[in-house]
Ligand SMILES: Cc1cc2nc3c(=O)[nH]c(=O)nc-3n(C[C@H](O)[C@H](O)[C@H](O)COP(=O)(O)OP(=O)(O)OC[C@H]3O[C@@H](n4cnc5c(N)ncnc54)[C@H](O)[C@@H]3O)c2cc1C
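One chain is shown next in structure tokens, namely the form predicted on its own.
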């Protein structure tokens, strides 16, 4: 049995108290909300904090406020099951509700939080293993070693982004609020991520992600598809988030963001530009799907082979666009293997 290492648990009641506690904890401190990813990582000694600052008692971090007309604000510790079933999100931001509903299992969605999934650790076959396994192979660059075992000649870690909600929020143009003892700032969610398997977040360790702010939804349609081996409880091997604003059946604005193909969500900017001014015909969809596969550069560091995951990028982008065009059937596409 893998056991948690000893640590001090602090339970603040307000964001200000939490920010102060994180600052006082210093390099040995970490934040925890639902803990569905953090605690297993601690058991595997991937994370070794001496102090955990719990956010569960901070009420101001929970809940969904606002409207589709004015924009919606989601507290970072709102549980994923609440995001997945919220009526306004289901109607006006369906990609986000879908993504939240595809994270892990029902039990863990009742514990895991939206902010936790946005900031979830990157993953790799050589990293997400028990300590004795990692020790036997000499560890990896991400923890305790100095070589990326996926690409031994590389100077960087290639662990992949494993969030379902991050690419969706990126496609929706979301912003995030970060609070620390020294102040606060609000940034576009795309500025939150770095393309590095170790330093994958641009927020400082003493900053708390408190809110996710969605812009008005009027005129926008969105969807999210997920590739995984099992129908539940799996991290994404590929995520495809598409958001479109249509005017008289013509695409006026478009965003396509890929998940699990790099160390951060990867926008398919060229493909999205190719959609603007076009109708969603089968020929246009096929062309854009080919373009969207360009930014996807998966490596052999998660489930399935990387050529297959590259191929499925085209398939899933075409499916997502077909769904928004009314050409693709609804159902379990996000869980199927083609």
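Positions refer to the first chain, counted from 1. Computed from a prediction, not measured in an experiment: that's the story for all the values here.
One more form of this protein should be noted, the form predicted together with the named molecule, which is absent from this view; the next part is about it.
Asker: Within 4.5 Å of the named molecule in the model of the complex, do 30, 33 and 208 each have at least one heavy atom?
Answerer: Every residue of the spot touches the named molecule in the model of the complex.
Asker: Taking the shortest heavy atom distance, is residue 267 within 4.5 Å of the named molecule in the model of the complex?
Answerer: No, residue 267 is distant from the partner.
Asker: Does at least one non-hydrogen atom of residue 103 fall within 4.5 angstroms of the named molecule in the model of the complex?
Answerer: The answer is yes: residue 103 has a heavy atom within 4.5 Å of the named molecule.
Asker: Going by a heavy atom distance of 4.5 Å, is residue 236 a contact of the named molecule in the model of the complex?
Answerer: Yes, contact at 4.5 Å.
Asker: Would residue 257 sit within 4.5 Å of the named molecule in the model of the complex, counting heavy atoms only?
Answerer: Heavy-atom contact with the named molecule at 4.5 Å: absent for residue 257.
Asker: The named molecule isn't shown here, but in the model of the complex, which of 249-257, 213-221, 88-96, 160-168 has heavy atoms within 4.5 Å of it?
Answerer: Partner-contacting stretch among the options: 160-168.
Asker: Looking at 82, 172, 120, 244, which has any heavy atom no more than 4.5 Å from the named molecule in the model of the complex?
Answerer: Looking at the other structure, the residue within range turns out to be 120.
Asker: So the named molecule isn't shown here. In the model of the complex, which residue out of 225, 261, 189, 76 has a non-hydrogen atom within 4.5 Å of it?
Answerer: The residue in contact is 76.
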